[in-house]
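The chain below stands alone and is given as structure tokens, in the form predicted alone.
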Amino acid sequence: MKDAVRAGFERTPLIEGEEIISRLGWRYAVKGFDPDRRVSERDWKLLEQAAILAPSSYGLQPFRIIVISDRDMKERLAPACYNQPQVRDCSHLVFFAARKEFTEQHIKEFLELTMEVRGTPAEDLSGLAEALENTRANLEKNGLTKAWAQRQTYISLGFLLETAALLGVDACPMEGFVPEQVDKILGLEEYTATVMCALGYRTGSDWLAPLKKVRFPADTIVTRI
């Protein structure tokens, strides 16, 4: 049955291409959210799953996704986010926080999860375990662990943004915050806030909403070989 479902996905697109482009054209980085409108629980679960299903290096997901819907917490975070109105007025505020270190324990937990989910014997994962350890050691040696983890967060953010557009949920990705202050407020120790995204629904008075999207033509930004 699972194979049949997978084959169905491969044969027939569930969403027409024109609809995807239309929804991506509809979205923009919302400046004004309606503070009284909330994303439904059903839609929010879909958005969370989309972010979780995003690809990452080896599938390790070296980050955490912190979802904030509590108004008091958003108020506490606002000064650390330069008091941008989206932080206070959105339905849900999401922080993607990257791991500061990539540890042997992280590898161990990932391999154990792989064995559980796929039923793979430990001996069959020896090659993967070696590759993961080599990657971990090289990243640590070259001081690249944090940067590597931070890059993974943007892939997850991208999946969140596109899924939000397909669901008709507005969003605004933002880097405008002080990581050290956000980390302290959220009690992050092993992770550090990298990027945030406000989600909800635009107001009728958002000045940016009626403006045309500005993008360079494909032939000036895409190289086809």
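Everything quoted here is computed from the prediction, not taken from an experiment. All residue numbers are counted from 1 along the displayed sequence.
Form predicted together with a small molecule: not shown, discussed below.
Heavy atoms within 4.5 Å of the small molecule in the model of the complex belong, among the stretches 141 to 149, 80 to 88, 103 to 111, 126 to 134, to residues of 80 to 88.
Although the partner is absent here, residue 28 sits close enough that one of its heavy atoms falls within 4.5 Å of the small molecule in the model of the complex.
Using a 4.5 angstroms threshold between heavy atoms, residue 158 stays clear of the small molecule in the model of the complex. In the model of the complex, at least one heavy atom of residue 176 sits within 4.5 Å of a heavy atom of the small molecule. Proximity of residue 197 to the small molecule in the model of the complex falls outside the 4.5 Å heavy atom cutoff. Relative to the small molecule in the model of the complex, residues 33, 45 and 94 are all farther than 4.5 Å at every heavy atom. Contact annotation: of the candidates 182, 51, 172, 169, the single residue with a non-hydrogen atom within 4.5 angstroms of the small molecule in the model of the complex is 172.
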